[in-house]
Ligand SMILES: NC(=O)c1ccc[n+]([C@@H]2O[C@H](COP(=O)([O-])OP(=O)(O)OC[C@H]3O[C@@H](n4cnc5c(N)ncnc54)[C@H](OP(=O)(O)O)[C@@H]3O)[C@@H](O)[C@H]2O)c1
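Take a look at this single chain in structure tokens; it is the form predicted alone.
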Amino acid sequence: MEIGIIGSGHIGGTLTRRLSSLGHDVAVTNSRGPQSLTDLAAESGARAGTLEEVVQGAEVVVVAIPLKAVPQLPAALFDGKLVVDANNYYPQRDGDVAELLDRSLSSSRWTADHLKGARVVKAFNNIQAAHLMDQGKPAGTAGRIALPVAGDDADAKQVVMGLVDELGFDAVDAGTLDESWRQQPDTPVYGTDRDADGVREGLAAARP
């Protein structure tokens, strides 16, 4: 699968390495330009490119950048694309966004509102990068870590759940984008490495 990754930090860099190692055709970009990604490309086998190059050729695009940078993305470029939102809203970093501060809007719905026309799926936002890198296990392994996956497009969600499984984690359907606040920071499933049953329990126990 052709996968574009926007962001080369903890989660973006980890997904670049892991998805490349699984045989996917991965292209990565960041705000500093392709020349800053030489080492990551050499290590992982991924291609470094501009934002346009990475998004245009991709079947799946992972967005793993500070949330405050999302409005700077050219929405038209993402029209019709399957976009995986791996971001979290951190007020101390991203500033005050009224709808997100009071949780009247999930951060993924906010992102989808900016990327009109994209099929947005929330995933990979609740696990530590180090665990995403080295805690994947074969399907059926007892205690396998599970990751919640939320989205409005059932087909897009199934594609992302398949990638989660390939990476060595159980995928749990976490509902719609409007319900994805249940996997945001300060919820039971955030950073807690639960198994599938534990994730379902944590999602159900989450409170606004």
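From a predicted model like this one, the values you see are computed outputs, not experimental measurements. All residue numbers are counted from 1 along the displayed sequence.
The form predicted together with the named molecule is left out here; the points below concern that form.
Query - Touches the named molecule in the predicted complex: S44 (any heavy atom, 4.5 Å) - result: Because no heavy atom of S44 falls inside 4.5 Å of the named molecule in the predicted complex, the answer is no.
**Report entry** the named molecule contact in the predicted complex: P66, any heavy atom under 4.5 Å
**Finding:** Yes - in the predicted complex, heavy atoms of P66 and the named molecule come within 4.5 Å of each other.
Query - Non-hydrogen atom contact G202 with the named molecule in the predicted complex at 4.5 angstroms - result: Residue-level check for G202: no, no contact with the named molecule.
**Report entry** Proximity of G23 to the named molecule in the predicted complex, heavy atoms at 4.5 Å
**Finding:** Result no; G23 lies far from the named molecule in the predicted complex.
Report task. Mind telling me which stretch in 154-162, 170-178, 135-143, 58-66 gets its heavy atoms within 4.5 Å of the named molecule in the predicted complex? Result -> Looking at the other structure, the answer is 58-66.
Query raised in the report: Hey, with the named molecule in the predicted complex, do G7, N30 and A129 all fall inside the 4.5 Å heavy atom range?
Result: Yes: G7, N30 and A129 each sit within 4.5 Å of the named molecule in the predicted complex.
Query raised in the report: Which residues within 84-102 place at least one heavy atom within 4.5 Å of the named molecule in the predicted complex?
Result: Heavy-atom contacts to the named molecule in the predicted complex: A86, N87, N88, Y90, R93.
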